[in-house]
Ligand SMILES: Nc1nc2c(ncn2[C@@H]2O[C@H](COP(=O)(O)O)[C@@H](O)[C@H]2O)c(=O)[nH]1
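Taking the form predicted alone, here's one chain by itself in structure tokens.
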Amino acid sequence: MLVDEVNMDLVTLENRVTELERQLADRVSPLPPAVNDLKHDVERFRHKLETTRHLSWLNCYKELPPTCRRLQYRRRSDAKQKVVREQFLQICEDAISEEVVQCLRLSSFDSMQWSDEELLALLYFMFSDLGLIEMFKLDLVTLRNFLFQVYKNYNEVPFHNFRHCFCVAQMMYAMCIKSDLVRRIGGHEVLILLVSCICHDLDHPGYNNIYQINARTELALRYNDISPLENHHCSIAFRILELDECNIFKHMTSEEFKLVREGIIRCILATDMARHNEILAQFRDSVQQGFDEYNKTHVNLLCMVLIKVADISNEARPMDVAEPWLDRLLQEFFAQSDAEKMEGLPVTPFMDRDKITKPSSQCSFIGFVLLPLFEALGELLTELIPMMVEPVRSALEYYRRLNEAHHKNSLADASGNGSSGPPSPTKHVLKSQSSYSVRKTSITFSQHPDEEDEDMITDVSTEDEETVTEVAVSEKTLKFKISTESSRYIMPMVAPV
């Protein structure tokens, strides 16, 4: 049943009540109390229909025009959240074994092996292990409340969910330990980085900025097409911090909080892939000039690169850890392109299930986007090269060989040799086994068992849609918006890019 139909029925009911009132007024005076009660019930129902955001009580939903349709947000049930909270608080009282600590500091850590409450406890531990609790006098109860409230505000979408937030935070934690970032750039910056990682995809609907802008969703309208999702993630983060019981920064001075707030906003906005080339170019310049750890601009650029690296760091993990995440990401991509086709929107090329393959999309993304970023960071923080850069090079080589095998099999298929079909190329192409995944099996809480040129990006032809990256599409979307908005009264001689 649609809301419009309910409204029509409600109007009919109101007309009938008015007619009944008129007939009774001719015969009975005063009117029976039941008539006034009925009018009151109808008015109360109309008010609830018009003002209640979610209409699950009516078993129907408000239908908006296709260009403004809201996405279905999927949250965990209250019962599930209650259980997770109780177990999280219990685990926080337990010590974490040294074996878990050492594994948590590795890029091979596999979050899929751990429950939600255990991941929350590990996030809590990261603050302690980095010395942030003591350094900033963080209240332990408030920190636990903050982490749980963040957990509640992640949607159950395939990729951009709470577990992804943990993976990003865990990789940031591992890089902080490996590079001794607390000493090099200071505790404030590390606190900003860890909190930013935890909050960087809050309330993500599973459809990216390109969809938000093309579909003119509420978020795109609210933020004028400028990083709508990232602005939304920031907004949700600070709404949580507005809650007194969750405000981990409440002991800071107003000046300290201002700096922390600016840093968190800067870091989360940096995760918008439309700004990728801009941030990378500025960071490279700072390194070439001679990176100065006392230069605030240089440190800000480093922090933006660090969170970007952490956000797209799955390919630095072993294949058996990374590939399930790739499958989840493709699941989100395909769902978005399906929605774009149904709604008559431009179909995002690298998300079209009919035009990409996993190997081709990975070759493009790793070669043009991921590896140049990781190598730029490795040039400054050389101790991260074995942990971050070398596994990504290995992943690129793996997907290149896989892509070649796929094309060879496609050519063999097209030749019509009469065979029943080539075997899957994945059976013959193996990734380097230089790293191993850290699984839960034998590690528990001790008291609670259980080189491509980056400039090539802008030269990628849209005719070969398999190779188009998110950076290229995001940048072109942004440039198109800027172009059309800045030349409102000028007829362009050529189509904007």
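All residue numbers are counted from 1 along the displayed sequence. What you are looking at is a predicted structure, and each value in this text was computed from that prediction instead of being measured.
Keep in mind the form predicted in complex with this ligand is missing from the figure; the text below concerns it.
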Contact test in the predicted bound form: residue 362 vs this ligand, heavy atoms, 4.5 Å
yes
Evaluate residue 204 for contact with this ligand in the predicted bound form, applying a 4.5 angstroms cut-off between non-hydrogen atoms, and reply yes or no.
yes
May I ask you to state whether residue 211 is within 4.5 Å of this ligand in the predicted bound form, using heavy atom distances?
no
Does residue 169 make contact with this ligand in the predicted bound form, using a 4.5 Å heavy atom cut-off?
no
Position in contact with this ligand when the complex is considered in the predicted bound form, options 368, 283, 109, 333, heavy atoms within 4.5 Å:
333
Of 326, 241, 89, 389, which one comes within 4.5 Å of this ligand in the predicted bound form, counting heavy atoms only?
326
Name the stretch, out of 117-125, 211-219, 144-152, 268-276, where some heavy atom lies within 4.5 Å of this ligand in the predicted bound form.
268-276
If you apply a 4.5 angstroms heavy atom cut-off, which residues in 159-174 are near this ligand in the predicted bound form?
159, 160, 164
